[in-house]
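Below you will find one chain, with nothing else, as structure tokens; this is the form predicted alone, and questions on how it binds or moves follow later.
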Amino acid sequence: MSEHSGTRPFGIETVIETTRASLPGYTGVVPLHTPDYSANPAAWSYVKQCIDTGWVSSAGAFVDRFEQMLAEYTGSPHAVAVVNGTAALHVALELAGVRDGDEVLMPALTFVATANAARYCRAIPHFVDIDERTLGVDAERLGDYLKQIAEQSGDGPVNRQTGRRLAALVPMHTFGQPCDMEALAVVCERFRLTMVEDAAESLGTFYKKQHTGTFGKLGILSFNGNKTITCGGGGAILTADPDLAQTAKHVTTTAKCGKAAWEYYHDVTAYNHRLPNLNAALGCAEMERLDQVIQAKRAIAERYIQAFADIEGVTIYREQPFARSNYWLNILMLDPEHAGRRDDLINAMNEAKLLVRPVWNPMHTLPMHADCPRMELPITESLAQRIINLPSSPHLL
């Protein structure tokens, strides 16, 4: 967290004024995070090519090109483009061997898609706490917890309290801030856990110069409309394993494998998850300016850090020394004594046309996950009451 001198007292009007002052020249409604294709003429040119040639669906040159650009940028040997990040995570978990009745370890503070993807595999989410330094899974406390509840079997670690296999760990890089991946890799190796990274929010984020999503057996990205770059939708599976990459592409394109192009032969039950060429065209145009977008987002984060530095009771989250973050969404963190004023502050900021939002409800508080196994979650429960996301669109610069 950043430190501040505390020369101005906390107050709703002070926070509103300081947020506005961080965005000079932006006087209207300030959205949380929106795309701006007006700054990217290639977007229309590439989409028009799809329309003019008729290649608008799940086949076309832009899909292959988008995968190549993602692989090159992230350093992942393979990237498979799919319809959205949730589909990417679902397939990645299946490819990682998650089975019916398994448990999948994941942070309780995450977007609901992380838990949904495990449910689609008929697995049970198992919620773990986060580290306030990184906002991701706390490796030290996870290791201590697994010492208490995990025992090894020939099929991998088993939760001795439920008798179910602990199939995977899904670290999620919250708002583009990377988890401590080296520490988590040690935990996975020690307990024989498969790592599948939820890097949906962290395209453009690096941990010690390695891109997020490339540390586990598989990783995933999202290109939803509010992400750092967007295809209107879209996601991708990343892996260094060529066999997994080939299988991922096969099962996300209905497993069609006839000897002739006109033959409708499919060898397994699969998914129709291939990213359409139209969306991939937008993705290619967006990838061409990704460095510019990240530079703008980091500059906006620095503005917030400086502007809020002297206000008591609040902190702007800043990247850890091991990180180079995309700052997908900037985080205003209230001190614990101000947690009770979060909703009043959010309401007032939205009324002032600053469209801020709170963090997600923790997964264990949702009805469909209320009975899921979990460790003690003090940091999750504290931060869930204190985080506010500030406007972070790159065109706010």
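Predicted, not measured: the structure shown is a model, and the values here were computed from it. When you see a residue number, it is the position in the sequence shown, counting from 1.
As for the form predicted together with another copy of the chain, it is not shown, yet the points below apply to it.
Student: In the predicted bound form, which of the stretches 258-266, 292-300, 203-211, 67-75 has residues with heavy atoms within 4.5 Å of another copy of the chain?
Tutor: Contact criterion met by 258-266 only.
Student: Verify the flagged residues 51, 54 and 358 against another copy of the chain in the predicted bound form: is each one within 4.5 Å by a non-hydrogen atom?
Tutor: Yes, the whole trio is in contact, each within 4.5 Å by some heavy atom.
Student: Look up in the predicted bound form whether residue 322 has a non-hydrogen atom within 4.5 angstroms of another copy of the chain, and give yes or no.
Tutor: Taking the distances in the predicted bound form, the answer for residue 322 is no, it never comes within 4.5 Å of another copy of the chain.
Student: Is residue 29 near another copy of the chain? Define near as a heavy atom within 4.5 Å, in the predicted bound form.
Tutor: Result no; residue 29 lies far from another copy of the chain in the predicted bound form.
Student: Residue 140 near another copy of the chain in the predicted bound form, any heavy atom under 4.5 Å?
Tutor: So residue 140 does not count as contacting another copy of the chain.
Student: Residue 35 near another copy of the chain in the predicted bound form, any heavy atom under 4.5 Å?
Tutor: Within the cut-off, so yes.
Student: Within 4.5 Å of another copy of the chain in the predicted bound form, heavy atoms considered, which of 161, 306, 153, 272?
Tutor: Result of the distance check: 272.
Student: Work out which of 136, 157, 276, 313 lies within 4.5 Å of another copy of the chain in the predicted bound form, going by heavy atoms.
Tutor: The option sitting close enough to the partner is 276.
Student: Which residues in 66-84 have a heavy atom within 4.5 Å of another copy of the chain in the predicted bound form?
Tutor: If the 4.5 Å heavy-atom criterion is applied to another copy of the chain in the predicted bound form, 66-84 yields 83, 84.
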